[in-house]
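Shown below, as structure tokens, is a lone chain in the form predicted on its own; questions about how it binds or moves come after it.
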Amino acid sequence: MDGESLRETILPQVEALMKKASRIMLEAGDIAGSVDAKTGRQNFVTDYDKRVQDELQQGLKQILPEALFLGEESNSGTDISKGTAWIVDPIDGTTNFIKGLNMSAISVALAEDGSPKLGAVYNPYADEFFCAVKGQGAYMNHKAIHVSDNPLEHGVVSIGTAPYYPELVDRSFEMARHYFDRCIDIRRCGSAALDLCSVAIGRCELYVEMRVYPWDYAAGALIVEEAGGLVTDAEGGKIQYLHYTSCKAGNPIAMRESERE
């Protein structure tokens, strides 16, 4: 399916489905009582994550019956290297969701042979719908967006601290201090999808995290690229959408400066 067809036919259906599923988040009660621990330090899932994913999976199956489904809360071992596949994080920022911080999002990407062709991220608390189709530009609430042109010294850097992986904590905070000394300030959002969208719309100049999974970054990475930004791993290498990776994204100026350091 070409980009124009994805934008005009598939994307509106995805947007409607994501906004419908988001009501589960907005109407959630007794979130703390629905929490289960997952593998990894302070890694949680709620009944609401599962309910949102179930609704998304059912709806996306109706939109493209032939597509595979890779979701954080199930099907996480699905091989999406060939064919068409949905990549879904039902609630990116689950800890924020549990704590009532209102900084969580639904993230949905559509990939072809492991490469995202459509990406959508919805923050229901702010009613901000970010989206992109490969070659068709990036948008927030149907208005075109673009990365900033600020250098690092005039920018904000968003840092992910990889809280589930103790072996990455020291490196993450060393990185945070490194960028703190080179920018206006740093931020810790708690949602990789929203961090990437903040880069895409120019609220942040750079985002770096030492470990994220395809459901965390597939949609947001495409949105950044379609907004004129760059996305690599932390060492500047090409991102692979088939497994976990480090991730760095930013406007071209900030990315060049980060590579020189």
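A residue's number is simply how far along the shown sequence it sits, counting from 1. This is a predicted model, so every value here is computed, not measured.
Separately, the form predicted in complex with a small molecule exists; it is not shown, and the next lines address it.
- None of Gly71, Gly155, Gly93, Pro116 but one reaches within 4.5 angstroms of the small molecule in the model of the complex through a heavy atom, and that residue is Gly93.
- With respect to the small molecule in the model of the complex, the three residues Ala200, Glu226 and Pro252 uniformly fall beyond 4.5 angstroms at the level of their nearest heavy atom.
- The partner is not drawn, yet in the model of the complex one stretch among 159-167, 173-181, 129-137, 142-150 has residues with heavy atoms inside 4.5 Å of the small molecule: 159-167.
- Although the partner is absent here, Lys99 lies well away from the small molecule in the model of the complex, with no heavy atom inside 4.5 Å.
- Among residues of the shown chain, Ala218 is not one whose heavy atoms approach the small molecule to within 4.5 Å in the model of the complex.
- Among heavy atoms of Lys82, none comes within 4.5 Å of the small molecule in the model of the complex.
- Remark: Leu206 does not count among the residues lining the small molecule in the model of the complex, judged by a heavy atom distance of 4.5 Å or less.
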